[in-house]
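Same protein, same chain, two forms; see structure 1 and structure 2 below, as structure tokens.
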Structure 1
């Protein structure tokens, strides 16, 4: 399984041949449908009956005292004290950080709030956040997300302090971690635990085979600081097999797993983004769920190799809506056989505004695989389908990314400047479809 791969070299996209830019697909974005507003809600909601079960199900994975979110929401007093912040974040859909549009398809482990749940929470706050009677409680809801069990935890061998900000460039730093398991196992779930969440913007975790380990160890030893610079991404390491890339973590669905052979090492790539002149040291750890058997999955890389060259993905300064699109038939990945699509991971940077991934049928119909109406780089994650989606050999894939390079969308009030495909202070447009083969 390859749910996330950093595309920063042309080799990483060279396999995605067989299409051209052409014209954008003349099909509406489902998220552009008129907003009908929140549904009516009862004014009798209380913390103990209605709100606590919802918070425990969809918020505590990040907002308990041991997690990395800045606020803790374990008690009524904690949530009531932050009710104005909660209302604003829920109203504009910034929280929970589930970017995938509900109108596209159904999702596995969807921790976003439905419109009815948003209405209940906002209505409760607008009514004065009544606590209710602790003796009268609502039904407990099962928590969504997180790994169901932790079989192994490993940590960066030493802390690393990222550089203070210079106005444009963040850091991509790689760390080599020991893998102590002496038998072949499969990773079936993973949850990162950032040591300093305020500087860990996002991360990618991969296993590397013995053929790459010696070269990576030399790079690590040659750098006087912890880890080493890896702005070139994981495409530099031929045997790197990504295991995940979401800060939120969780189990993979339907018994899917990724093999980690004995003798492997774990390569952790962290994108550090700092805003303080005195950034904290980070020592991130990783929790794994392990099984001896699992359903092995592969990935289809969706993107245009031409975007990596010259002005192939040029975004002019000051433009508020610049689009790039690509469609192709992924026979190189599927071998011309039916496959079951299991999930999709988007990858864009800070100037991106929206993305969609569609399956195109020969009759002209489309199946929405992912639509993100409002992109937020800090919450990049895999989105697993609630049920596998069958993809036939004659079907095609379509990717569209939109970018906002206007003056209002610049970091730290900088002037807009032209950019193209690139790391950190530029942008990218790619997606990764996890799939499994269909038994004959």
Structure 2
């Protein structure tokens, strides 16, 4: 993938060459369809046949003994003891933390639950969470996440002990890691290995080009501890190219690769979460799968350059639903040729409530590329499509973000105040579509 976060320049060009801000699209959000309830399930689901394989596939990577997640789901007794919490979190779609709506499209390495799986879990709990017979087990489901081959491991240069601001438990910290590869390679998969798993909540990894390294090194040097505060995410560094997010990591689909030129560095943003007075030090490593050839992915940056300046994206204090939308034909990115869309990475901060990305055909039909019914800044990650989605030169892209700046959606109970586009305590509205050329 080419730099994804170079919104300032590329979106400014896109806006100058035919971007326009119209009325919000009249098409409904797929997640707003009337709730028809959960599908019927077999009443005889048991832990050993139905639930254990599902929990192992969709929950255990984060809910094993060493993990940050508060509950351990390794045994029947552990899950049965937490059944009321599990029921609530699954019904409410808080868990697993997969933000993309299942009604939008099919995803690759999807660790969300389908409605049928939610129904099975909830139906099992409602039936008294029967254990069944340990001699009669269900088939294991294919694992999600993890890289198939580790060609390079790099580690944070020194340990860091999380130190959230007073009165809070969360901290976002960035670290600059060396990239010891002297030729141009493609990253075709990435998986993190958290050092102190009990404090590492989430992370995002990007490569950064030489143009940003000096600025990042200055930020790092200005802070006496390892790394530096980066609560606005990677959006402030124009050459940052996301290589992955989420603790699960994994191979990219379909042999896709992201070019990392020699001289690049790796920017690792970790969201630490801890309420301990004496948290452990963390020194996280990253495992990469590398190839010299791959299907190179590029990125379309979706956003309106007009939002970046002045009051372009003004969200008044107290307003509970303020929307921004933008549609354009991304000819500059695609060279006016058909392309295959491969995945999408959303980027907003804490005040955002929902987002959607659609492809619009000239005949008025739409294709859902991403819908996030309830945004959570803490769980930002790329979403790859299960199959590539063909995008023709005459098609348009549509992005819509909505923000909640009411009193009920303020960090740490602050008073609402007006904000606009910006880092940290401001917000953003952007998405990065990765694509490959059909006829390279």
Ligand code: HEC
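Positions refer to the first chain, counted from 1. Predicted model only: the values in this text are computed from it and were never measured. Here, rigid core means the biggest group of C-alpha atoms that superpose within 1.5 Å across both forms.
Only one of the two shown forms is the form predicted in complex with this ligand, so please name it by number. That would be structure 2, which is the form predicted in complex with this ligand.
On a rigid core superposition, would residue 326 pass a 2 Å threshold for CA movement between structures 1 and 2? No, shifts by less than 2 Å.
Quick one: core overlaid, is residue 299 moving 2 Å or more at the Cα between structures 1 and 2? No; that C-alpha moves by less than 2 Å between structures 1 and 2.
Residue 179 C-alpha shift between structures 1 and 2 of 2 Å or more, rigid core reference: After core superposition, the displacement of the residue 179 C-alpha between structures 1 and 2 reaches the 2 Å mark, so yes.
Looking at residue 242, what is the CA displacement between structures 1 and 2 after core superposition, in angstrom? In the core superposition between structures 1 and 2, the C-alpha of residue 242 moves 3.4 Å.
Could you check how much the CA of residue 217 shifts between structures 1 and 2 after a rigid core fit, in angstrom? C-alpha displacement of residue 217 between structures 1 and 2: 5.0 Å.
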